[in-house]
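What follows is a single chain, given as structure tokens, in the form predicted alone.
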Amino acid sequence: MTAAPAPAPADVAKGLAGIVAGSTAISSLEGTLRYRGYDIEALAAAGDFEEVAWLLLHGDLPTDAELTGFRGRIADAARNLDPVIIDTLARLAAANPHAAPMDALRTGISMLGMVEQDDHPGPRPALLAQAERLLGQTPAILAAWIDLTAGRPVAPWPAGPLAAALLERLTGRPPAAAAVAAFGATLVFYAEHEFNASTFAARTVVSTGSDLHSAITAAIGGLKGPLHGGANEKVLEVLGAIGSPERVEPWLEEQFAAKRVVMGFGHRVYKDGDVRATLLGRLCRDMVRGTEGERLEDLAARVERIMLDRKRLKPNLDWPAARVYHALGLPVKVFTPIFVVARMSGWTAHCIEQIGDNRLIRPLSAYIGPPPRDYVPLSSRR
């Protein structure tokens, strides 16, 4: 007879909830979200993703010359994706055109590690150069995969800032300034968020002495899950399942009765609401005013009211981000990959910080299995 497992000790924090597992100078969630001390609201209002990426990597806001050079290097990396990567992605797209773009990004970044012969962390300047390349290579891989799975040749990377260039590549048309501003704001909001699951995974990998590309590959795997980055893809499923204003309350009642999670609400850290969701929700409403998109906003507002009244839960960033991407005409399958493009700045900054003051991340566990047992030879087992 197998012994029943022992109960977990009372002091075990499941999911490391509430546990301080390290220190960082990159972002803070105290009071409001800040990147390197700067309030997220001011950074999002500026809407310049490359400026924020420089801040996260280097610690200070860039000068005009620094930002110009930084933009140029990111764009060069996007324009000059290694042909080996494109060729391999083309073969994979032909073999499985319905594969998720997140899988293509995870595989593409891993391949880049081989192409660049990245097998251990280099000095800080080399790590920063790798990070800059990844900031350009990642959106280029995403755009290439979308072209290849649609049966099109890979289009050239457009000129201009990353937000405008990627939006043009994903929609197939030059975007309006207002669309670029909204899209850029989402990239700023998604860029960094302290010790979240994917970032912690990346830091754990480099803490072993492994390379940057391995860490980013692990981070993408973590972000793919619906309880982390994949939640933004589920938001439109929620709104689509509800369908009409009169269905909001009965649909939510069904979820409450079945004890199902309503994607887009609640957050492990933000108990009184996600500041990013508040800011982006406001932007989304302004963006669609006077258009058909107002119907979806009215539906979303009804859901928000009932979730607050019944469950005391407020939206997280994924709730408005999905609606912004929908209003921009982007397909659901690229929502989480766009998160990857943005979070590449935070991931690489955290990896560089971890490498600069490293100690192997190796927590303990509480054993809850059977008590000590004597080994029984196979011939004596019944």
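A residue's number is simply how far along the shown sequence it sits, counting from 1. Just so it is clear, the model here is predicted, and its values are computed rather than measured.
Quick note: we don't show the form predicted together with a small molecule, though the next part is all about it.
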item	value
Proximity to the small molecule in the predicted complex (heavy atom, within 4.5 Å), stretch among 221-229, 159-167, 279-287, 83-91	221-229
Interface membership of M307, the small molecule in the predicted complex, 4.5 Å heavy atom rule	yes
Partner proximity in the predicted complex: H213 to the small molecule, non-hydrogen atom cutoff 4.5 Å	no
Contact label in the predicted complex: R260 to the small molecule, heavy atom within 4.5 Å	yes
Residue contact check: R302 to the small molecule in the predicted complex, 4.5 Å heavy atom	no
Option touching the small molecule, based on a heavy atom within 4.5 Å in the predicted complex, out of P175, G136, G264, G108	G264
One residue of Q354, S27, T336, N316 in contact with the small molecule, assessed in the predicted complex (non-hydrogen atom, 4.5 angstroms)	N316
